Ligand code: GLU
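As a starting point, one isolated chain is supplied in structure tokens, in the form predicted on its own.
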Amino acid sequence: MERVRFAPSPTGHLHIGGARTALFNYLYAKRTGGKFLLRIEDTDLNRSTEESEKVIIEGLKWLGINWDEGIEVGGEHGPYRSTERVDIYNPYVEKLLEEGKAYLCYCSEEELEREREEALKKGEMPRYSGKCRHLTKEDRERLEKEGRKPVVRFRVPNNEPIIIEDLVRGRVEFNSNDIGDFIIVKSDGIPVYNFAVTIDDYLMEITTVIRGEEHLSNTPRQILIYKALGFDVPKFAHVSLILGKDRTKMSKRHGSTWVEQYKDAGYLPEAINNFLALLGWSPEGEEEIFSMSELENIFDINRVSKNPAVFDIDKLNYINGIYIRKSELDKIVDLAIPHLIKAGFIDEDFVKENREWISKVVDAVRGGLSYVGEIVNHVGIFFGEEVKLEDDEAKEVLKQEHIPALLDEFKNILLETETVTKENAKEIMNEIKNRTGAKGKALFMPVRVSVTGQVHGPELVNILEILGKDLLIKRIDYVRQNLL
């Protein structure tokens, strides 16, 4: 049975690239009938925080990327934080030391920096010289008396080819001579990422490691550790980077990069998942809109491209717009209300008393939304007694000779009407037509502009119902007194 994992470092937010990695692992597990694990790699003590871990977990839950084993869920391979597994790692460190496959290194930061600078001056790739490889017991005792705390370095074998049959990138070859003896345990006794992740993946029986391309350089080190300990090496799949439209690595200048930013803006998790799945993976056929259950059934790791994926916000907005329109109205209303409150259109008390009216407003405008937070740019027409003409086109509409008489009749008809509904709004428009002779654009455009100030927008019958009799009359009066 396939077992995969997502093992983020809790040093920041859930990046959109990390979310895609988690999604690919989740979909691969579902497609193969396997298990998906969530593990926290918190070996970076200086940068790891509980808050970051919480943000990552909440982001995954919001996306609906649920794990079968790991943090909060539990399982037989726990604990699922690296810092809680130090006692588990230590016997493997001792084994490597005893077999001479690792050694204690007492080099200071200053010595290592000098080595690095000398290598760069020679145009060489910096790598550890192996200075402490052959220290005697006496050497170690002397260095420890000086107060030096050693790290543990892995003894990299000479001139050994390291071959990865990557499920995404194909055959990738490294040579051990290009690596240099690397640290596996820091001087504070905490194993570094490359060591901890290898032990964890082995003990948690991970069969396939699906992760970002940036980890490819770590893989040869991990393979060397696997082999040194006599572990079976899992399969690897390194997914391409996500680039901005300018084909540079995605960053803040390309827009939002964290999952929570999209959540806060009013994107739907199902739309984010749909979009992320298409970043570097291509389904068979032309269809691009897939539910999570559909993705679980069709995802194929062999159709993941090794070419970089371009994050196209326009495509995300298009997909999200589709999900907004097809979602239950109540769901969109719930998402819209905080944005409307923050923008000052409504408050909590208004929500309690006017939920049905708010729902009509949301329903009227959601067809034009790319994300729910955008609603604040579309609902101004439903608030206030004044009418502000949007542009010169709107101003030209109200300059037509028949406008004053048309608005007068419009007001008279409203005064004769008890309430305005979507159904009788059509009858009101027909009655204006009968009394004034205006029809088509000469009828509908002046009515729209006189009550909204805009020549485009939601369906007119929806606008008339939402504004209601009293506010419509007040707006007609405002236009007659101030804009004609």
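Counting begins at 1, following the sequence as shown. Everything numeric here is computed off the predicted structure, so don't read it as measured data.
Just so you know, the form predicted together with the ligand exists too; it's not on screen, but the next bit is about it.
- Mapping the unseen interface onto this chain, Y89 falls outside it, with no heavy atom inside 4.5 Å of the ligand in the predicted bound form.
- In the predicted bound form, the ligand sits within 4.5 Å of a heavy atom of V197.
- The ligand is not drawn, but in the predicted bound form it has no heavy atom within 4.5 Å of K263.
- Within this chain, A7 lines the site of the ligand in the predicted bound form, having a heavy atom no more than 4.5 Å away.
- With the ligand left out of view, the stretch that reaches within 4.5 Å of it through heavy atoms in the predicted bound form is, among 125-133, 208-216, 384-392, 287-295, 208-216.
- Interface residue among Y193, F275, F154, Y371, judged by heavy atoms within 4.5 Å of the ligand in the predicted bound form: Y193.
- Checking E41, D68, E58, E459 for any heavy atom within 4.5 Å of the ligand in the predicted bound form turns up a single hit: E41.
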